[in-house]
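Let's start with one chain on its own, the form predicted on its own, as structure tokens.
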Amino acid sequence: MEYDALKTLHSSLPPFAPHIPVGVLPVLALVLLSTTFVLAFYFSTLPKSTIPAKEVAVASTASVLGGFGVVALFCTAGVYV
């Protein structure tokens, strides 16, 4: 496509609107990161077993929640990743 056609297409598109309102991001980050720390404490107090299925489930959940919590925290601070 030529530049003029792309410029026209770009100007005709609607502006970006996030799925999650920006005002909710601080609360979301707090909830996700708090849950991560609670699960990390729970993980450290679990009795060690020979089949670590429960340990893997708790650690994986904490990891995923921590990842989304950090992204929400960065977006709250204005660093859009």
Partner chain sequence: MSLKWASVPLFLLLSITSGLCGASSFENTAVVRTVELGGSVVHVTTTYAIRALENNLKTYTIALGKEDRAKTSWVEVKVKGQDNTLPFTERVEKHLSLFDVTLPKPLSGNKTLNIVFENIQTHATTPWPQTAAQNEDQALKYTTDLFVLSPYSTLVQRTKLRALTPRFISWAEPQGIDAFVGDAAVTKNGANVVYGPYKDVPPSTLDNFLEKYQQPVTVHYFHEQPVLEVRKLNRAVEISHWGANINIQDDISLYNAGPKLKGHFSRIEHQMQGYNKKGAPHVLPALTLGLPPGIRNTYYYDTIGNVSTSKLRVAPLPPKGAQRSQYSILELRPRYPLLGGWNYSFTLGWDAPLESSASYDKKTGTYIVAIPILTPIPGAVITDEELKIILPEGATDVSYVTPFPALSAVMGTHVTFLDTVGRPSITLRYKNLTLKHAQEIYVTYKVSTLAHIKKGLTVATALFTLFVLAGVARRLDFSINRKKKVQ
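The structure presented is a predicted model; accordingly, all values stated were derived computationally and were not measured. Residue numbers count along the first chain shown, from 1.
Unshown form predicted together with its partner chain; subsequent notes refer to it.
Engineer: Just checking whether residue 56 would be counted as a contact of its partner chain in the model of the complex - the rule being heavy atoms within 4.5 angstroms.
Structural biologist: Answer yes; at least one heavy atom of residue 56 falls within 4.5 Å of its partner chain in the model of the complex.
Engineer: Given that the partner is absent here, does residue 40 sit within 4.5 Å of its partner chain in the model of the complex, heavy atoms only?
Structural biologist: Because a heavy atom of residue 40 falls inside 4.5 Å of its partner chain in the model of the complex, the answer is yes.
Engineer: For residue 64, is any heavy atom within 4.5 Å of its partner chain in the model of the complex, or not?
Structural biologist: Flag for residue 64 set to yes.
Engineer: Taking its partner chain as it sits in the model of the complex, is residue 24 in contact with it (heavy atom to heavy atom, 4.5 Å or less)?
Structural biologist: Outside the cut-off, so no.
Engineer: Sequence order please: the residues of 6-32 with a heavy atom within 4.5 Å of its partner chain in the model of the complex.
Structural biologist: Sequence-ordered list: 6, 7, 9, 10, 11, 13, 14, 15, 16, 18, 19, 20, 22, 25.
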